[in-house]
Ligand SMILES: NC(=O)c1ccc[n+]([C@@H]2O[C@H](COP(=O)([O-])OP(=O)(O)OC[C@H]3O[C@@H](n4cnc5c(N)ncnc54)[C@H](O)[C@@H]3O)[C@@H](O)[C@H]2O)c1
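The chain below stands alone, shown as structure tokens; this is the form predicted alone.
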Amino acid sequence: MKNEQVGVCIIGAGRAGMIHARAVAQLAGARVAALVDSDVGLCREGCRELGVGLSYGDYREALEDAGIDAVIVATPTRLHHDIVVSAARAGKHILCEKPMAMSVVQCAEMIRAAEENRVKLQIGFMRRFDRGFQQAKEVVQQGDIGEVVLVKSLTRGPSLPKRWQYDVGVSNGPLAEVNSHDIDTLRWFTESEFAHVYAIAGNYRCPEARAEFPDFYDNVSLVASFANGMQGFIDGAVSVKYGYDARLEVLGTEGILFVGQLADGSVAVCRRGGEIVQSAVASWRDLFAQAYMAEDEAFMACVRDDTEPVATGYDGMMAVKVVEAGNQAIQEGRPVYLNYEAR
């Protein structure tokens, strides 16, 4: 469909879905063909904002629409598998938000459905499209810091989890909901697979969840080794209150690089008494606005030009594999090996 506009249906009209919808609406080679959400009011609000004439309460109805070429799936994780498999069978190209699915088995089925029906399947790892992260990757590839020894990535968010997210059996916990990006970043920068992980976690800021959801954790630390001998560390947290925090550190044999900072902008106010005040980044929507736009643009390009996505279904599946291993390590209090031997 080279030189044609891609008709895109956004499935899930919440925060993430509307980020994608607004981005698609600005792309010359694409148009928002429809919105889908079981919350009719949310759907109508999104359609009104974007001037979209079509909305559905059930994604299966949207998949019958011949004017829809591709879908962006931004629903809760537990729904991803069924939607993606159905979309693939309907011949629709797919951008699926992270986490890809609830299990590696589900991920494999999603990949198979896309392959059998010859549609694109891209996973929403938008940090691969962020200019800062891309520049850091180029620096590493050029050898400016020598050989990579350790990759550290952290994500800490200010939001209080939704009630369903407290149930680790339904959400896979913050390792999935928050740290999927960090897991993918470590794979991207080490260019290797996780060999073993050990993780510790606890609930420090969400006392309302402790009685009914004793397995829920709002803080997690994960250490890893890779098949090529490199080391990794992930730091994740929710409900931190102070702002949105996403940073990367790559230590090499001859140097180190850093990506990201908590401070928003370059203005710092120093008050009497030596107090220095800066504003913190408020939301991932602010920090990665450019990356979301670039991610959606790349998805449309691979649909139109029949090229492979930057972040594939395999990348999504391997992140879920690490989430499963990390949660197992937390529950069992021991290192978990992932069938890759470290050097």
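This one's a predicted model, so the numbers in the text were calculated from it and none came from an experiment. Sequential numbering from 1, following the sequence displayed.
What comes next is about the form predicted together with the named molecule, which does not appear here.
Residues 16, 75 and 99 are all found to lie within 4.5 Å of the named molecule in the predicted bound form, as judged by heavy atom distances. Segments offered: 143 to 151, 86 to 94, 218 to 226, 176 to 184. Contacting the named molecule in the predicted bound form at heavy atom distances within 4.5 Å is 176 to 184.
Only one of 307, 290, 38, 26 lies close to the named molecule in the predicted bound form, with a heavy atom inside 4.5 Å, and it is 38.
In summary, among the residues 210, 205, 162, 118, the only one with a non-hydrogen atom within 4.5 Å of the named molecule in the predicted bound form is 162. Contact check for residue 124: a heavy atom falls within 4.5 Å of the named molecule in the predicted bound form. Proximity of residue 156 to the named molecule in the predicted bound form falls outside the 4.5 Å heavy atom cutoff. Contact between residue 79 and the named molecule in the predicted bound form is found at the 4.5 Å heavy atom cutoff. The closest heavy atom approach of residue 42 to the named molecule in the predicted bound form falls within 4.5 Å.
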